[in-house]
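Quick setup: one chain, the form predicted on its own, written in structure tokens, and binding and motion questions come after.
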């Protein structure tokens, strides 16, 4: 396969005053590197790699046009001339690599996490403790001027254009929507007046920057919130934005306060491409499809069907900076696919950490984590082909070391082979596929189905021994733990045990939630069926009506499930910050009952006996599945140490308190980078 395999994806796009080499737009992704001047060299290196990888057009993370528009105190801002110099570091790096880059102008409005917030009206966002100040007419004009000034400074800083963030519930969206705009002056009260703020921003930016400057407008096409904007108004907005001077319209999906997932792994690929296609007949500008487009065949299908003119990908280019180059040369199998887990990108952003990527620890660490070729090849043994072992083996071999990978089972993947069976986590297979390809490319000797002994490792002449042997499920000690009703989550997920129709899960951490989702849904997951997924979450397939919402219609659960935990507090409290609510909502829709502060009294033929708040009760279940944590598997350590060997422990073999693929892959990669 070559670029001709994806002819639409790799056709140039003529914007009139410039031509983009392909249809791939690197969408805006806040990394945290934008917020401090000292991090701009790192930001430049991050964007340079994506430009070198062949991206047609890059959009930065959101940058505020003034202080009141900050996402948080001291976040990214461009409003003064002396702030230009740091941005020139970024634009020069991208241009030197042959790329183009636009600055995203993002005014947080009532989403700003600070007391200076402003909005169309003084309405507090449900996800923010700070109530905004409603802007006066003079204040509205001041914000418009701030956008225009920011665009002017962006041009001076060397950017090829700007993207005006008009979606996702930020300030412009707050003016556009009757949900948040309660004004009765020239900036609210009717659809025409509500959209005036957005139109004036685009019109005045175009007047300021001239005709040869890319102006992308991010239009909210499906707000996914009650009282959201209806379709006819969205079309009206798009036409007005086109007339005001935009170059490209990018698709915005959902508000941050929406209760519908939009970019998590459980969302079907290209689930929202239909709304971009729906706008296509109404405007002549190039339209960009976005959200959950992570592989070339998905992008090509959208473009070939005429649903959009470009494809926006943010996290997929975090996962693999060479995505475009690999797709163009027909090396699709080598793409390190974004699995939309959010664990190292969005979760980091919301925790005020620098973003990274679970499957690519080098993301945003390009200046510090590099896999340079070694001048002193070593003979390395890696034991265990889970995520930690796969990362270590592939990086070490890629650097030129001679690596032998031992795995007791007949296939690589480790815990990912269980994870990919969970409804909504099918994408995890892509990571296993990627690492499998890397092992072959870098000539890793694979010894699968072979349980290696310490003695064999000792006599194998290895310079380094890495133990990535993973975990064993923790056993429980209550009466009846050996009853036939009791089994491990491993037995359930690998198909050794098929549970009955009434199931109690002991342990409500990440594994407990995963097993619960596995048990309530025997049919193929809605995450691979857009129409079923939309029905489950209450999204209108025609994207009509306020916010494109309808009444959710989840499918009936396959089993009755109780999710139990010994500790008090909310079950799933340690789930990802941006995805935990999705898992809790999904299980609630499947009528899963959760109990905290549970004391396990024992199992007998009648079921599971428990005590909650000093009250004993019997759960008359057919099966009890243990999801109560894991312990490191370190059977080889003592033998190796007795022989004077010092093995490296990574992944679950190192720390097993919580299965953490992000830490495992990072740990394996960094260890291999240091050999």
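In this text the structure is predicted, and so the values were computed from the model without any measurement. Positions refer to the first chain, counted from 1.
Although it is not shown, the form predicted in complex with ligand FAD is what the next lines describe.
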Check your understanding: Picking from 146-154, 105-113, 245-253, 386-394, which part of the chain touches ligand FAD in the model of the complex when contact means heavy atoms within 4.5 Å?
Key -> 386-394
Check your understanding: With ligand FAD left out of view, which of 409, 367, 208, 593 would have a heavy atom within 4.5 Å of it in the model of the complex?
Key -> 409
Review point. Considering 511, 444, 302, 327, which brings a non-hydrogen atom within 4.5 Å of ligand FAD in the model of the complex?
Key: 511
**Study point:** ligand FAD contact at residue 533 in the model of the complex, heavy atom, 4.5 Å
**Key:** no
Practice item. Using a 4.5 Å heavy atom cut-off, state whether residue 91 contacts ligand FAD in the model of the complex. Key: no
Exercise for review: Spell out, yes or no, whether the shortest heavy atom distance between residue 331 and ligand FAD in the model of the complex is within 4.5 Å.
Suggested key: no
Review point. Are any of the heavy atoms in residue 162 no more than 4.5 Å from a heavy atom of ligand FAD in the model of the complex?
Key: no
Practice item. Please state whether all three residues 23, 269 and 322 have a non-hydrogen atom within 4.5 angstroms of ligand FAD in the model of the complex. Key: no
Check your understanding: Since the partner is left out here, which residues of 622-639 would have a heavy atom within 4.5 Å of ligand FAD in the model of the complex?
Key -> 633, 636
